[in-house]
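A single chain comes next, written as structure tokens; it is the form predicted alone.
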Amino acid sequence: MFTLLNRTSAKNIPKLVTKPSLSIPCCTLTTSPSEPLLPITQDAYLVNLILKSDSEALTREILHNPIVGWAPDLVNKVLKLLWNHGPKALQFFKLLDHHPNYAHSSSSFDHAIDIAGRLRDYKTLWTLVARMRSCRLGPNPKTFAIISERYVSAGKPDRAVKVFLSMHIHGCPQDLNSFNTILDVLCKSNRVEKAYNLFKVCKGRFKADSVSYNIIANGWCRIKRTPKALEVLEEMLKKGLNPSLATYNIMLKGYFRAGQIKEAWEFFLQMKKRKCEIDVVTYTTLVHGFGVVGEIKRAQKVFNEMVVEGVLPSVATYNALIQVLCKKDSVENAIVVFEDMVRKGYMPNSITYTVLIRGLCHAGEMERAVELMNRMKDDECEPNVQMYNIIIRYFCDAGEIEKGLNFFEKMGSENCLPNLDTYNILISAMFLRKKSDDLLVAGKLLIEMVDRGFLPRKFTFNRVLDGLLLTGNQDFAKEILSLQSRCGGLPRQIKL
């Protein structure tokens, strides 16, 4: 298996890139003639407006307000912020069709198509594709990559392949890049057999390159079938394609993923013996791989040795070590590594903070987790919905539901929009104390999530209904039952 190892070249010292912050200050929705319509940022104001306004008010503000300077960049920002509120995002996008001075760009269409696909609203998706073509804005390879990914995510890999094979019908010929993209989409969703079959049939037509082979090898490694990955790479060599450092890193990670720790280490030693120019990705893979199986000392030893070898750790390397320390050792040791990382001039990113906040919460250190979240802004990093969900979940699990609700309100003040998980976490928490007031809150949360475009599970509807009925809130239960019917749920045969 080590015949794949050849001399490669790669830069081994990465640049440290500071992640830009996306600060969206809170702004009020009530304005007067003397107040500016957009007090701080346009995208923040518009997102709040879209989520909270009725159709008539929204039409007035979007189409007839002269203060808003509509441009593709602004529209894209709004669509991104409305990512977790798909129906509202599409409503906004469609409303702009009627604006007298604005025309959508291809990037805005791609965002809308992605959102429609995420909602599995395929009728709207293909309508947007047709409109995109009629406007001579595409569709382009990126558009079809988005569509394919959404079909695969929805459990429709055959449909994704058909989309790829029919690209030319929509005026976008397939090429090697689009071929590699569909292979990558299939492999990353663990549909490796299907990707490999497509690869075998079409590799000659599209002249598969080293990237194609790496994608398939990585796919087999993802599902822990390293022998198949080796077969693919052997074929790659026979075709005269030289493995790159990325190829070796794929195999190294594959061994760790399959739990083949001995083979992974032997492969790494062979890389060194054959003088491969090992990079930071290689060492990060070793740190994470050893840490996941509980070999913390080996992970730390590799981390310390990489600097001696002339390879500087990246933020991803620190994140890998911090993560395994949180899971397999102690959060206190993870904090020590974090502080060392900051002291050496590295800028923590959202992954760093998410891992540490989860670790502190798991250790019952809720106040320290909150302090860390507050510290993020000093490092030009904004709390995201995943972090809020972690904090809210742990507070609720600890019985401190009011604190969980306070953080839910804080999300709104900082313009971090809740997602489906946020609502499900809070609604479930409302049943812990079996209080009538808590169940009223659960009902209000259910209404709010539907208003924002989320579709609750039938179980959630029925649970809230049962809770309201048991606590004597018949009138509110009728409202929830009506809401369930409007959402397409089957009306329950119950006496209210």
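From a predicted model like this one, the values you see are computed outputs, not experimental measurements. For every residue, the number given is its place in the sequence shown, counted from 1.
Although not depicted, the form predicted in complex with the DNA is the subject of the following passage.
Asks: Just to confirm the contact call: exactly one of 196-204, 283-291, 164-172, 406-414 touches the DNA in the predicted bound form at a 4.5 Å heavy atom cutoff, so which is it?
Replies: After filtering at 4.5 Å, what remains is 283-291.
Asks: Can you tell me if E235 lies within 4.5 angstroms of the DNA in the predicted bound form, counting non-hydrogen atoms only?
Replies: So E235 does not count as contacting the DNA.
Asks: Does T354 make contact with the DNA in the predicted bound form, using a 4.5 Å heavy atom cut-off?
Replies: Residue-level check for T354: yes, a contact with the DNA.
Asks: Applying a 4.5 Å heavy atom distance criterion, does S153 contact the DNA in the predicted bound form?
Replies: Because no heavy atom of S153 falls inside 4.5 Å of the DNA in the predicted bound form, the answer is no.
Asks: Would D421 count as touching the DNA in the predicted bound form under a 4.5 Å heavy atom rule?
Replies: Output for D421 is yes: heavy atoms within 4.5 Å of the DNA.
Asks: Residues S189, Q260 and V337 are flagged as a possible site; in the predicted bound form, is every one of them within 4.5 Å of the DNA by some non-hydrogen atom?
Replies: The answer is no: none of the three residues contacts the partner (heavy atom, 4.5 Å cut-off).
Asks: Taking 4.5 Å between heavy atoms as the contact cutoff, choose which of Q386, N84, Q91, N333 touches the DNA in the predicted bound form.
Replies: Of the listed residues, the single hit is Q386.
Asks: Quick one: from Q270, S314, S106, N76, grab the residue that has a heavy atom within 4.5 Å of the DNA in the predicted bound form.
Replies: It is S314.
Asks: Though the partner is not shown here, which residues of 447-465 have a heavy atom within 4.5 Å of the DNA in the predicted bound form?
Replies: Stretch hits: zero.
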